[in-house]
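Next up is one chain by itself, shown in structure tokens, the form predicted alone.
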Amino acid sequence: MLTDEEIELSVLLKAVYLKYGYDFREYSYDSLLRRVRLRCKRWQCESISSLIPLVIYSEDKFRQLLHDLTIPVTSMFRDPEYFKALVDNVFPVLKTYPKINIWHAGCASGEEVYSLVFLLNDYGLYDRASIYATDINQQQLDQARRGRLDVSAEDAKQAYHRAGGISTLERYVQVIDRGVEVLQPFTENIYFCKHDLTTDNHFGQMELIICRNVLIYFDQELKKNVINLFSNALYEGGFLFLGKDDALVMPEFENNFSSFDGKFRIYKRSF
């Protein structure tokens, strides 16, 4: 039986879906409840129910709540040893393709998308690549599209080399007051667009799909649906690259994927 608070949360999520079209109803309840409680505290609301009129009648307040719910936690070359595994194990396969389509799902503010672009360029793959960077949060996408990243340049340099970078970070960015700005040639092959993994279909066939540290916020049924979505969007033999805290539970997905590098969360679409 649901608690009163969980019932209130269900009503809030349904209201958000009906008003704005964002569907969080199959996200992990524990994660959502924790974030909604924090928003109640910030706005000094006595209950989750009291959030509903605030977000329904104010799009600005909804955007603040959306920021909480979409959890835009990212950094350049996040978990660099995982990027290094991608460079060492997947890039040699991608080199055999004349054209490469890559879908980066849940790209947040773009730090990891640009991390991938720099590495692709280092290894001669960027010119033949089309990168589709998607997220549910339009505000985050707009920030990503500008190529202005709120990161420490020094930390990014260290992570870049640990991730397998063989050039210099200065080749790709210039340092600005609050982080770095990506140089224009390395924004041209990226297509940023809004996409909701809970409701939208895939939009093409890919050689590589990247979705890092997103699945952990979904319940089991939604996670299964999203993995099937990725399976349908990948060519046979294509790669799925997940985050450190994500993992496919075999044998549930063994008809769709095999473990290519389980330690670093790289899976291959089965033939």
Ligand SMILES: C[S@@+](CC[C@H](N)C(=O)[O-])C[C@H]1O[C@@H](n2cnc3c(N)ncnc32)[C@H](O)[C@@H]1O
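From a predicted model like this one, the values you see are computed outputs, not experimental measurements. Quick note: we count residues from 1 along the sequence shown, nothing fancier.
Although not depicted, the form predicted in complex with this ligand is the subject of the following passage.
Review point. Of the options 78, 146, 162, 128, which one has a non-hydrogen atom that comes within 4.5 Å of this ligand in the predicted bound form?
Key: Checking each option against this ligand in the predicted bound form, the one that comes within 4.5 Å is 78.
Review point. Which of these stretches, 189 to 197, 171 to 179, 89 to 97, 153 to 161, has heavy atoms within 4.5 Å of this ligand in the predicted bound form?
Key: One stretch meets the cut-off, namely 189 to 197.
Review point. Is residue 137 close to this ligand in the predicted bound form, meaning a heavy atom pair under 4.5 Å apart or at it?
Key: Result yes; residue 137 sits at the interface with this ligand in the predicted bound form.
Check your understanding: Going by a heavy atom distance of 4.5 Å, is residue 239 a contact of this ligand in the predicted bound form?
Key -> So residue 239 does not count as contacting this ligand.
Practice item. Look up in the predicted bound form whether residue 166 has a non-hydrogen atom within 4.5 angstroms of this ligand, and give yes or no. Key: No - in the predicted bound form, heavy atoms of residue 166 and this ligand never come within 4.5 Å of each other.
Practice item. With heavy atoms only and a cut-off of 4.5 Å, decide whether residue 73 touches this ligand in the predicted bound form. Key: Residue 73 belongs to the contact set for this ligand.
**Study point:** Residues within 4.5 Å of this ligand in the predicted bound form, restricted to 196 to 223 and counted by heavy atom
**Key:** The stretch touches the partner through 196, 197, 198, 212, 213, 214, 217, 218.
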